[in-house]
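Before any questions on how it binds or moves, here is one chain, the form predicted on its own, in structure tokens.
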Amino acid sequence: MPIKSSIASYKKDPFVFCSVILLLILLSIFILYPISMTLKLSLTKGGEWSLASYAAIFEKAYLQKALVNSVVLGCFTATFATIIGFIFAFLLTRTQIAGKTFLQFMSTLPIISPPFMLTLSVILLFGKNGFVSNHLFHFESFSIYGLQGLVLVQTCSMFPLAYLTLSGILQGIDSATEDAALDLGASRFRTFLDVTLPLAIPGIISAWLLVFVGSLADFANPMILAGKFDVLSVQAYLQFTGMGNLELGAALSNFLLVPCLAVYALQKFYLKKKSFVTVTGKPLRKGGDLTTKPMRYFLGLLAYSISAFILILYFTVLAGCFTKAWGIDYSFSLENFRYVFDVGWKTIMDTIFVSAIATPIAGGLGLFIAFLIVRKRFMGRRVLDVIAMIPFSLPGTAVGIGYVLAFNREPLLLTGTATIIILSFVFRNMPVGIESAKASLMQIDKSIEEAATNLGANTAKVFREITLPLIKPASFAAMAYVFVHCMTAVSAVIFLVSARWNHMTVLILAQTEILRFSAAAVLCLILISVVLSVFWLLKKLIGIDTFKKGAFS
């Protein structure tokens, strides 16, 4: 945008000018500054500039092994999760299978759970003292720890990412192309191979990459279930906190950024090729049934079997809450609840408090930034967009380490306070609000807001009285997603908790490490109950069904 026209636009609308300056200052302090501190530390050794920490990743055998393990784990998880996600998306968008509401619920349920809840269930069932492995079948040589266990739990917890990506892709495919192939004599299977699948390839690649990055950045599951199968995310944490090698820990966290940034760039590349127009003058055509009865029953059996297995994992956690000592004494007991409320009540309240504060701030800030980017033209608009979206590409360990380094000294000494946790939640999850609001704004005719402006309303009034009411459903759905992530975060917040302010996920991890599995199960149950209660309130008070409005898309 030409500088002269930019200055003119700023003079015409000083509210935009002041907002952009304030936002750039905030984003620089709470996004760019922590990243620069982590990068600076990773490039030093003994106080001098050095690439030794990055070289160590490729020189030290145990780090090489961790790197290879992370990539292998990511490939297996991404492949299986994408296949399962595609099956669910295909069944729900291209078949007439019964029980779609149930399958849709099951395809998003793992997202609202703590990251390692399914890991806890797997240990309770298949661990050394597991109900299945020890109590039922007495397997002595079987071990769930390592690659096989991690692939299982990461696939179950991450296939919703693939499902949400692929369901949107499949819904966007005009069924007229498939109908035309069928009318010309192609079989349903041939139509799927020659029409539907090729059109879905970009979404399949995107879903695979999203899950792959999620697997690389996953910290909680490997921390509990990896055993001797070392991965980079855990090594970054151990080097930074346990071994005191801050430079190497920072380098490992930065190294995890490479695939994340690559995926973000690839997504942007695909988005540029997409049209956001939703009203074309043509009637909306829903996808028809592309399966024969035997194939539909087969795919349905797979989907319901996977759903049943996931439900078993959840019911295992529920059973663990009321078990006196899992693996030893399965008698009914409420002692776990008494123990949790005794040692964890303050942590529960802390978690709800910081999540409740961070959610509206992150959602509102994201909404306002999206409004400026989509509806206004000003110098620095692209810069604002890029900086605001950076946290979307950051693994949690990089965020946590960056905030520890950046805010551990004056004038912003925030370490050990609730403020540093809230700020990390706000700027880590803000991109969700931005993307959700962008999508909604692109579907609203600009003439509505232009009419208000022509009648004398300033930018602030247009945003408050016109734009905000129109995108309210998407905004609340995005805030529901933010609240879930605040409640279930672990990889970043584990660096930021203190004796004064703790988080439920960190406490769950601590209880699991000391083998108090039943207490950890109670904490998981409480966390999920809080999240589902918030969803229920949204539906009752505002009329928004979080699962159906795309809160997690």
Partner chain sequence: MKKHSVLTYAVVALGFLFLGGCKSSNSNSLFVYTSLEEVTAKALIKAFEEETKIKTEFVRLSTGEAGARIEAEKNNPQGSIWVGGPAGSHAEARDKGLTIPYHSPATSTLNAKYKDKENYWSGLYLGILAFVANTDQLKKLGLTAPETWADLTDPKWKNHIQIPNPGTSGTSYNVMTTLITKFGEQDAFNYMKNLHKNISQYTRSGAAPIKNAALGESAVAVGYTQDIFRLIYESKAPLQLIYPKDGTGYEVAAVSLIKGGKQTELAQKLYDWLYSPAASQILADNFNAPLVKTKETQVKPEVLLPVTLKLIDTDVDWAGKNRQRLIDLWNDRING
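Numbering follows the first chain given and starts at 1. Remember, predicted model here, so these are calculated numbers, not experimental data.
We do not show the form predicted in complex with its partner chain, though everything after this point is about it.
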Requested in this report: Quick one: find which of 353-361, 391-399, 307-315, 156-164 has residues within 4.5 Å of its partner chain in the predicted complex by heavy atom distance.
Outcome: 353-361
Query raised in the report: All three of K40, R375 and L441 touching its partner chain in the predicted complex at 4.5 Å, heavy atom to heavy atom?
Result: no
Report task. Using heavy atoms only and a 4.5 Å cut-off, determine which of W208, F240, F88, F425 is in contact with its partner chain in the predicted complex. Result -> F240
Requested in this report: Could you spot which one of C486, L27, L509, L527 gets a heavy atom to within 4.5 Å of its partner chain in the predicted complex?
Outcome: L509
Query raised in the report: Contact between Y145 and its partner chain in the predicted complex at 4.5 Å, heavy atoms?
Result: yes
Query raised in the report: Is K228 close to its partner chain in the predicted complex, meaning a heavy atom pair under 4.5 Å apart or at it?
Result: yes
Query - its partner chain contact in the predicted complex: P110, any heavy atom under 4.5 Å - result: no
Report task. With heavy atoms only and a cut-off of 4.5 Å, decide whether Y62 touches its partner chain in the predicted complex. Result -> yes
Query raised in the report: Which residues within 200-227 place at least one heavy atom within 4.5 Å of its partner chain in the predicted complex?
Result: M223, I224, G227
